[in-house]
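This document opens with one chain alone, in structure tokens, the form predicted alone.
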Amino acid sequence: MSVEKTYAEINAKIKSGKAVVVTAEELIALVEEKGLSKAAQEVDVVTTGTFAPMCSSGAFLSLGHTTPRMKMQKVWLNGVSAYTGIAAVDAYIGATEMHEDDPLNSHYPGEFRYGGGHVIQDLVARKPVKLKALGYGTDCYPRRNLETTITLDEINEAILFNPRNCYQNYNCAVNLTDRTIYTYMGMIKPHLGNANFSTSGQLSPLLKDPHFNTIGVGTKIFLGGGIGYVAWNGTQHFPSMMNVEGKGQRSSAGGTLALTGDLKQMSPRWLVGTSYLGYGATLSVGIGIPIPILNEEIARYAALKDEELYAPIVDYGEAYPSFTPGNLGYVSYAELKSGKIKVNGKEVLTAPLSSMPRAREIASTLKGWIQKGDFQLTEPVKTLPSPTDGFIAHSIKEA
């Protein structure tokens, strides 16, 4: 018997407390026990989760008017510059912006102890944050300077808006050179000394819906410990790079999401300022996306296992920085999570930048919200470009 469900039918079951909700890992076990068709009939919603560093993140802050009024031309939060070319008292703090006095990599490798991601974590932790602002003065906004402290609850609006989160997949990073390198994939030792990866595999949201059949503009999600929404496709959204057919999903980065939500509802447990030795600062973000099981095809992708999901192995010593195409082969997430893989015939130890325990906690938390009826699904008002749409990645051309 074919499976055909609607959002309205699933939401009605959620409201009545009768919806069957499982995490992506629980679905895998259920499919192994009962088969795909039976599992697709029984399950209404599958929850996913990821917790990892996500650089293209930040927050819009409406700071509130001063007395007398001020047009803030430059703003610093705990010494970290925020972009103010928006309106008189609005600013955007980016996760990777550094403290103005940070030595960066002048003493290589730099430590990058405090940046925009740390400011965001301090705000959601309700810590006082030092605000410094300068203005040039106008007839309607005469004030020229301000130094004070703020807390998240004292400012008018705080909106997390992340232009690029939740990469569908990502590289496994290695280093073929004879020197240690410091990258956004962490420290990578020379001569294949280690391999780092940063995707939660069989819990990773966009690997469980690779065609974006249920994820689009307006999709309601777990974001930073609160409620968020998909605002658009993320920057660097290249779903055509995904090969979702054949033996496993052999792919590079694929799709991404632009996400937004009320920062005041979020938690410092799920928005964590993060420093990368020799590279910079960022924000680690917790994201969970529900996948409604509308039909058997959606269930089939949601039930893919680590053994069936692959990441490309890329040399970050020379090939990645020089934009050299190609890779050193593919490796399954089952192999990556085992702690060691083989690259060019050498056994290499692996380590994740994403947290599997946190990803499981997010998927379980979202499952609980839905089971209690506190979280209903939203049908996307616009679908996102999928692998069949042929998005092409472009690079900057030199003059």
Partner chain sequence: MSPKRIVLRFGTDISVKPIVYRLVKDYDLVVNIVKADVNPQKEGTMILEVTGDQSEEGLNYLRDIGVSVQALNQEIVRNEDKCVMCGMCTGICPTGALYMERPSMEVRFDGDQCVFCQLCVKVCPMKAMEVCL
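Residue numbers count along the first chain shown, from 1. Not measured: the values here are computed from a predicted model.
Although not depicted, the form predicted in complex with its partner chain is the subject of the following passage.
For A125, no non-hydrogen atom is located within 4.5 Å of its partner chain in the predicted complex, even though that partner is not displayed. At the 4.5 Å threshold, heavy atoms of A253 stay clear of its partner chain in the predicted complex, well away from it. Using a 4.5 Å cutoff between non-hydrogen atoms, T260 does not count as a contact of its partner chain in the predicted complex. In the predicted complex, its partner chain lies farther than 4.5 Å from every heavy atom of E307.
The candidate stretches are 186 to 194, 225 to 233, 73 to 81, 149 to 157, and the one lying within 4.5 Å of its partner chain in the predicted complex by heavy atoms is 186 to 194. With the partner omitted from this view, the residue of S275, T96, N327, N213 that lies near its partner chain in the predicted complex is S275 [heavy atom within 4.5 Å]. The three marked residues, A351, P357 and R360, each reach its partner chain in the predicted complex, with a heavy atom inside 4.5 Å.
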